[in-house]
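First, one chain by itself: the form predicted on its own, in structure tokens.
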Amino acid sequence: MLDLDEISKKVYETQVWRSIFRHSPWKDAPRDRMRHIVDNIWLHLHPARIRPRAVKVSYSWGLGGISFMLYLILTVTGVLLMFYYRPTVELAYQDMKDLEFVVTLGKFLRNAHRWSAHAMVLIVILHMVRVFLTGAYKKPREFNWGIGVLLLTITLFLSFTGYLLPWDQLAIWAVTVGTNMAGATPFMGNEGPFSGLLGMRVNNDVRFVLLGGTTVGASTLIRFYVLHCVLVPLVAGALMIVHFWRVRKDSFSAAPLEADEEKLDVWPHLIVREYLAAALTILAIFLWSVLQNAPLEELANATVTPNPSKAPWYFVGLQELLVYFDPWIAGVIIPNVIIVGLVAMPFIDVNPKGVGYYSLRERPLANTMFLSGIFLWFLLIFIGYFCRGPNWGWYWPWESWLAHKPLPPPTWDLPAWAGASLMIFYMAFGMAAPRLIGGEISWSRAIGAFVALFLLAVGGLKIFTALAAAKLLMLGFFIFIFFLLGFLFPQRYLKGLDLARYALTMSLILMMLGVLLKIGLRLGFDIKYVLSLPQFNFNI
């Protein structure tokens, strides 16, 4: 009979085996568990030992590892799909059909790739939320937080470039809507403010560079193919390496559960959980890919415009902002302010509390502002995706798009002098009031006085028209949000900051709340532009 133990021992002692595995045979001892981590090409990014909080599922939820697992699934399925895809306008859609009906498991591969891309966008956003709520962006992790913000941006762009490749109606018009925003870039886009100063035209602006032409066509397809399959994945992979390396060098952020606690061996406590999360991720993607097919509409046709034409879901919130702002603000300025604000967060948040654990009460200002921004982002996505129908009219999710909707009421602009004065007052008052008012304001009294004054104003207006009172009520809601987040919160929590941090923090807060107020002005009083300078194509 074969003695398996003896055979294994002889194999372990061979020169070939020892040349591959440096410390063999492996024993379940503390020293061997540490070596298993340190000597492994993948696992050495982990420390040998880790705090107990870090292995708790309820701390990290495994979101970072799941994001990376989705990237690996995308890489594998993407490489396999490249064997069957030709990036030309004549053959791309045909190859999509071949994947569906001819290639063995072709539909499954495409489904897995598509759903992994959408899942990765969502999981990376949730990972960022978790990192923020546990204060894991603070010193000494400021640089790695910035890398994470860049990775989120690249993840969105990676998914966007892949959106065009099926070359169906959904793809071509979603990309058309998305790239049209690039044409509104200030100075660099032919439709953006001050574009005439640099001589920008439709055939030399930043949109032309992105599309390889003036419209979405063959040049766009090959450019997006190279971006999606080569350039962006390489940049993302390089940043992931830096990101993982800095996580290791900066140490895991999890705080001790109790004083003088003993650390746990990463192998097997953390590794087992990571492998389990990876296995469950693969299982979920595979099951969803079997149950739900990725959308594929008819062949792309530039002469037939769907109504409505919508951007990919993760950009449809920006498309919804086009109702309230010009494209250069909705598609360029607001996204860039969000990115800059996120990168700056570790440098303006000087509260030392809340690093390595969930601390909503210890960091009320930071958490409230951050979660408010996330909520607003997903609210706009929900409205744009589920509540906008033909002609971008408002349809409740349960309403049929065949129902006729009346045209929206006409809009009007504030006079330039009034708009400029209002904006100057908004920024000056918003910046100065929380810092200049001394003492501690009673929130209950302040909110009560605000509500009482507002109700008196609404009651007085009812003698003129009930419709005007309803519009004032809507605008009052947005003003109350500004009063709460733009005055009461900063007045209590920002007065102690130095002038530079205070100015930057209040600028970001006022810009975020300014978006809400502009939405209120549009919905409540049909105001299109607060400030309009048509000679420069500059409208706010």
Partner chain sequence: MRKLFYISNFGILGVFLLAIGLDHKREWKKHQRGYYEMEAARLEEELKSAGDEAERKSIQSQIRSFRRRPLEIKQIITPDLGRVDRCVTCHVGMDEFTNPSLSNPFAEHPFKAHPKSIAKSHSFQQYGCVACHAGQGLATTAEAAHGQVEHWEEPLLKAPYLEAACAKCHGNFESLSETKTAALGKKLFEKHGCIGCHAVNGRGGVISVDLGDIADKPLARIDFSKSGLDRKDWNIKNWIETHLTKDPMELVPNDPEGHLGEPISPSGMPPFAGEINAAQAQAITTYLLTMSKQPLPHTYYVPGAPAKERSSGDPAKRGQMVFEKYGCAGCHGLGGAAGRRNFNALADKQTRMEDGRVPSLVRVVGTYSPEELKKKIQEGVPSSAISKFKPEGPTPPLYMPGWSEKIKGPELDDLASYLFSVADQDSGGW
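None of these values were measured; they are calculated from a predicted model. Positions refer to the first chain, counted from 1.
Only in words, not in the display: the form predicted in complex with the partner chain, which the text now covers.
The shortest heavy atom separation between P352 and the partner chain in the predicted complex exceeds 4.5 Å. The shortest heavy atom separation between R435 and the partner chain in the predicted complex exceeds 4.5 Å. Although the partner is absent here, F101 is a contact residue: one of its heavy atoms lies within 4.5 angstroms of the partner chain in the predicted complex. Using a 4.5 angstroms threshold between heavy atoms, E262 stays clear of the partner chain in the predicted complex. Between the partner chain and the residues R246, K405, R201, H118, the one pair within 4.5 Å by heavy atoms in the predicted complex involves K405. The listed set I374, V290, V226, V340 contains one residue whose heavy atoms approach the partner chain in the predicted complex to within 4.5 Å, identified as V290. Partner contact region in the predicted complex: 405 to 413, out of 139 to 147, 318 to 326, 445 to 453, 405 to 413, criterion any non-hydrogen atom within 4.5 Å of the partner chain. Each of L105, L280 and V304 places at least one heavy atom within 4.5 Å of the partner chain in the predicted complex.
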